[in-house]
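Here you get one chain, nothing else, as structure tokens; it is the form predicted on its own.
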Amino acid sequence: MTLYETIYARRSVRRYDKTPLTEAELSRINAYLLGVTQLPGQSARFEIVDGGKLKGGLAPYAILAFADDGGNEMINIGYVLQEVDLFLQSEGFGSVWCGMASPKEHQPGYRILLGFGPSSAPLRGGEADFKRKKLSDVSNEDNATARAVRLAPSAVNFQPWKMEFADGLITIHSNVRGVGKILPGRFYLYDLGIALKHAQTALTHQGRKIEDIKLDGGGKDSFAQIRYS
């Protein structure tokens, strides 16, 4: 499957097979991870570790994300790791965002992790298999890009964003009002990056050219904006 096709099939996997991945498989995943283009001005660091090194991990392996403070680092991490999430599931592996897990030993700059591993859990059969908000609740238009973003995973499935489409421009606003203070605010910024990755993937699938990406990770009114042609 392509990454775009995987958007309509992925699921958060919490059941994994006991067979370990081979060194060749881990090397291939790491090579893909290191090849993902980060957002402008961002330089997060990523490391694959064994799940036994984690507290609260849900998978046999994990990708740890690290970044210095800078304003948009959490949007960038969500954007990068969501591409890896789609890649893993397109290749037949399971994966899951683990917002509450962490390394057993303190590691400076640690932010969040994506768990993964071999799994026989079935993929979804299509858009109807997802439990999501109505498209009209998260977008001012009904189109292929909006539908792809609607299916993006988010913390506790809040979908804390709203899409606004204009001519050659998509703005994804962080929309955390009404969801309370159940989760730390950083999770909504990761979610914004995840949604941005789905939007970019859908636009690329349609043959659109991404001209510019603008970010503002400054709080409740954060947004990610894509200009395309």
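Small disclaimer: the values here were computed from a predicted structure and weren't measured. We number the residues from 1 along the sequence you see.
Not pictured, yet referred to below: the form predicted together with a small molecule.
Arg124: touches the small molecule in the predicted complex, heavy atom cutoff 4.5 angstroms:
Result yes; Arg124 sits at the interface with the small molecule in the predicted complex.
Look up in the predicted complex whether Trp97 has a non-hydrogen atom within 4.5 angstroms of the small molecule, and give yes or no.
Answer yes; at least one heavy atom of Trp97 falls within 4.5 Å of the small molecule in the predicted complex.
Is Ile170 close to the small molecule in the predicted complex, meaning a heavy atom pair under 4.5 Å apart or at it? Residue-level check for Ile170: no, no contact with the small molecule.
- Any chance Ala146 has a heavy atom within 4.5 Å of the small molecule in the predicted complex? No, Ala146 sits far enough from the small molecule in the predicted complex that none of its heavy atoms falls within 4.5 Å.
Please identify the residue among Met74, Ile112, Leu86, Val80 with any heavy atom within 4.5 Å of the small molecule in the predicted complex. That would be Ile112.
Each of Pro153, Asn157 and Phe187 having a non-hydrogen atom within 4.5 Å of the small molecule in the predicted complex: is that the case here?
The answer is yes; Pro153, Asn157 and Phe187 each reach the small molecule.
- request: Choose one stretch from 23 to 31, 43 to 51, 162 to 170, 190 to 198: the one whose residues place a heavy atom within 4.5 angstroms of the small molecule in the predicted complex.
  value: In the other structure, the partner sits against 190 to 198.
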